[in-house]
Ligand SMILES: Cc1cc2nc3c(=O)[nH]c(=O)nc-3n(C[C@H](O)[C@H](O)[C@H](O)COP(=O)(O)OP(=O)(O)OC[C@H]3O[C@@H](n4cnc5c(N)ncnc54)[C@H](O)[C@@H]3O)c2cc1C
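Take a look at this one chain, the form predicted on its own, written out in structure tokens.
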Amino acid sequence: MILVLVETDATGAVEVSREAITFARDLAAAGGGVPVDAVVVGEVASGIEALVEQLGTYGVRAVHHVAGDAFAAFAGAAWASAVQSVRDVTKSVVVAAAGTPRGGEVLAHLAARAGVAMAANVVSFEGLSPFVVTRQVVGGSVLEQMQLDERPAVFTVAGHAVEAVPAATRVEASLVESRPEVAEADLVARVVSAEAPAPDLSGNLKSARVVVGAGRGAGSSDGFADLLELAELVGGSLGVSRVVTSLGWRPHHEQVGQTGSRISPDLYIPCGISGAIQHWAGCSSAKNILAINTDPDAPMVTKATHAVIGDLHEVVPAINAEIRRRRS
């Protein structure tokens, strides 16, 4: 049996968790159709019944809801204890989660307690006996094969490694409630307060089908008007490089890269971005890349599907004007 840790928000299971379930479902099919269960820890904003129904459409057999005062706020060790309690009951041979900071922390605790290795940021699997996975390393610029011989096999699934797809046949998922005891030591490090992030005026970056990227070539905090207009014209979002946020030109929630968002749009238009490894880790899943840069040898240009060699402050206004002309 495969157990997947599911993270939630007000809409239910978050996209990357649904991707992890899809990955687990493919793995289960390769293993002869073993069941896939989900474990959810703490309060569920969307309502546990609605979540169970949603996960049933993704082929989940049972949703194990671990509740209690100990899980009112996030604590990595406590959540690992919750997942471990479910794994002990289900005897799962595989435990997976989305490759988020929270998923990675919880499964690292779990793997340490089980005395097994953990594979982070897995993108595919090659065999079951032995069980071999391919994962992203070095910020996503390198792929590495890793063999997981011990059980349970513990790994996180890299964001957007697969598309979140409902199962061909809906399952009537069951709900299993539990309230396990948690050791005081597991609550030493926990979230004690949280602040809402600044509103994202550029749209939902992670799910955008088109992303307009901006790097140092923007020149200053005043150099984004044409880029924002292009994003609006194509119905996309603005994403920026780390140097842009480090300089304070744009907010951090717009950052694409190893320490920002990982995106997989149909089209990525990086403007004035050289394409350092850290940034490439966040955009390498884009289906098409149209790079605009003055340097024909920039890494982003050499990796792009198409490229325009020129100053973004000349090229982007020309693109905007042509789009407006054609629409008129």
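Quick caveat, the model's predicted, so the values are computed rather than measured. Residues carry their position along the shown sequence, with the first being 1. Take the two forms, find the largest set of C-alpha atoms that superpose within 1.5 Å, and that set is the rigid core.
The same protein also has a form predicted together with the ligand, omitted here; what follows describes it.
Considering the ligand in the predicted complex, the lone stretch of 39-47, 271-279, 53-61, 26-34 in range is 271-279 [heavy atom distance within 4.5 Å]. Note on the partner interface in the predicted complex: the residue among Pro152, Gly76, Gly236, Gly215 having a heavy atom within 4.5 angstroms of the ligand is Gly215. Just one of Val66, Ala70, Leu290, Ala298 comes within 4.5 Å of the ligand in the predicted complex, counting any heavy atom, and that one is Ala298. For the chain shown alone, Gly310 is a contact residue for the ligand in the predicted complex, at least one non-hydrogen atom being within 4.5 angstroms. Within 4.5 Å of any heavy atom of the ligand in the predicted complex lies no heavy atom of Val93. Contact annotation for Gln255: at least one heavy atom lies within 4.5 Å of the ligand in the predicted complex. Although the partner is absent from this view, Ser285 stays clear of the ligand in the predicted complex, with no non-hydrogen atom inside 4.5 angstroms.
Using a 4.5 Å cut-off on any heavy atom, the one residue of 103-129 that reaches the ligand in the predicted complex is Asn121. Once both forms are overlaid on the rigid core, the distance between the two CA positions of His160 between this form and the one not shown is under 2 angstroms. For Phe131, a C-alpha deviation below 2 angstroms is recorded between this form and the one not shown after rigid-core alignment. After superposing the rigid core, the Cα of Ser46 is displaced by less than 2 Å between this form and the one not shown. The distance between the CA atoms of Ala189 and Ser261 is at least 3 Å longer in the predicted complex than in the form shown here.
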